[in-house]
Structure formats: structure tokens, C-alpha cells
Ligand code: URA
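One chain comes next, on its own, written out as C-alpha cells in the form predicted on its own.
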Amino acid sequence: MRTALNAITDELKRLKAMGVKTVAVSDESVATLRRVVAAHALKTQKPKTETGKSESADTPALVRLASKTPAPTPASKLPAPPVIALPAGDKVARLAWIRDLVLNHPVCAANVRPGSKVVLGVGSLDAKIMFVGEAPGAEEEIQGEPFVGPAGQLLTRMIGGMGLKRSDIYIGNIMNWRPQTPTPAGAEQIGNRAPTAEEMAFCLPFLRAQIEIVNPDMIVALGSTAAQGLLGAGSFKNLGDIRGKWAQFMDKPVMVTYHPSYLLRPPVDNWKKRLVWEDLLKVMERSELPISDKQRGYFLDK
């Protein structure tokens, strides 16, 4: 049952990354899913406790799914976005100031699970290119650094394909904490969710401050959520409509492309890789980076 649900979740994430906003599901399919989930809930239900309630790790979520009761969504409790005025000083001093502000900010700290970390961008303060993602994931909130999980490792290889090192660029996120999902106390959060518009609005001033400090020549927005965070909700309908095109944020040219995680989802093929690589070639051209014939031919079908 869990395997099937994970497969459905992965496919929905893949479709979302491609810009698909809705998926048609027949009434018969919904009815079948309800029956299967309800039957599984009864099958895995444990004997009643002294309180008269049954205990099962799977039952609450399954029953909620079967009854189509929506899972809890993040409460709208965030204050207004902070107004940040960077102090005078060199880049190192100013980044140290914003880092201290973010890592010790009470709102950021309140939204991080115990044992996890608030995450700020990392990289060269003289970077010409800045990559921006949406939010930390499981590995990132543990290490306190963006893009260190599988998608981050792929991003590092993509940067290498451009003839650069990870230390040559700057990497940040719209969000400074991993968006939480309903998880039992003491349990590990499974999966990620996209940040809400309110969450992104609250954290955006921290990213703006980093852009002001680094002052890159251009920004690469990785994925639909990052693009919406930078360009504004409703600025485009599907990622495919804006992918590979130049936009602007803080008077900086922004290239929108797919998130590295999109390339890791099946089917893994050269067609998807080539789409992203073509976007990065445009970034290299605008940055006046040398491009060899070999680089121009990456991921082309032979």
C-alpha cells in the first residue's frame, strides 16, 4: 500500500515539475481508492486501548485519505516580512550580519523541527552567477546548507559541466527552513511540500539581502516554486511557458529552468537533461564563459 502511494506521489511531483497544475481523476477511481484505503485501515488497525481508541501508525492518515478530509495545512501565523537594512561594511562582514540575523531569528527558529537547522545561502561572495532553489530538504536542514542532497549533488555536476566549481558560484533558497508537513511528535518527516506564498514572502527579504551583498550578474531560478517566489505568484501558468527565457528580479536577469530533482525522477533521459543544459548554455553565453563544441553537444541524441 505504501509503495503504491509513494509511486503516485512521485508521479504527481513529476507532473508538477513539468508545469501540470491539475490532474483529472474519475469518480470511479476515487471510489476505488476510498475502498482500498478503508480496507487497509481496518486490516492494519490494532486492538483498542484502555481509552477505547484504536492505535495504528497508518490508520489516521489512511482514514483521512479515505474520507477525503484534507490534511492540516500550515497555519497562517507568520508576522509581516522583516524589513532589512544591511549595515555598512565589506561583503564578508555584511554576510556575517545577515547570517547571524537569519540563524537567530525567532520566527525561523520556531519553524524548524528540533535537531534541525535554519539554512542560509553559501558560496563565493564575488559570484557572477547565483542559483536559487525553493526550500531546504531533509539533508539540507540537517547540515544547514542548501543543495547537499541528491539534487544538490546533481547541481554540483551541472555546475562542473559549465566549467565552474561549486565554490565559484553562490547558492541560496527562497526559504530558510524546511516547510513542515503534519508529522507525529518525535517522528521523522517524510517527504517535502512546496512553501506557501506567506512563507516565501516572509523569507524573501533574507534572499534579497544576499543578492544585494553578492551582487551577481545573473540569477538561475531552479524550478517553478523558486521562479514564482522571485517573479511573483501568477507571473506564469506553467513552468514550460517561461523555462529557458530571461526574466528580471532586483534588476538582475533571471534564467528559469527545471529543478535538478526533476532530472532525477523517472524516466531519466537525455531529453530532460538537454532542456536544462540548453538553459545553462544561455547562462554561459551571457556570462561570456568559454563554451567548447563538446559542451554544446551535451545530451544530444546520437
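Start at 1 with the first residue shown and count on from there. A quick note: this is a predicted structure, and the numbers were derived from the prediction, not measured.
FYI, the form predicted together with the ligand isn't displayed, but the following is about it.
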Query raised in the report: Quick one: of I129, A135, L207, V102, which gets a non-hydrogen atom within 4.5 angstroms of the ligand in the predicted complex?
Result: A135
Requested in this report: May I ask you to check whether Y170 falls inside a 4.5 Å heavy atom distance of the ligand in the predicted complex?
Outcome: no
Requested in this report: Spell out, yes or no, whether the shortest heavy atom distance between P146 and the ligand in the predicted complex is within 4.5 Å.
Outcome: yes
Query raised in the report: Among 84-92, 137-145, 107-115, 207-215, which stretch sits within 4.5 Å of the ligand in the predicted complex, heavy atoms only?
Result: 137-145
Report task. Would you give me the residues of 216-242 that have any heavy atom within 4.5 Å of the ligand in the predicted complex, in order from first to last? Result -> none
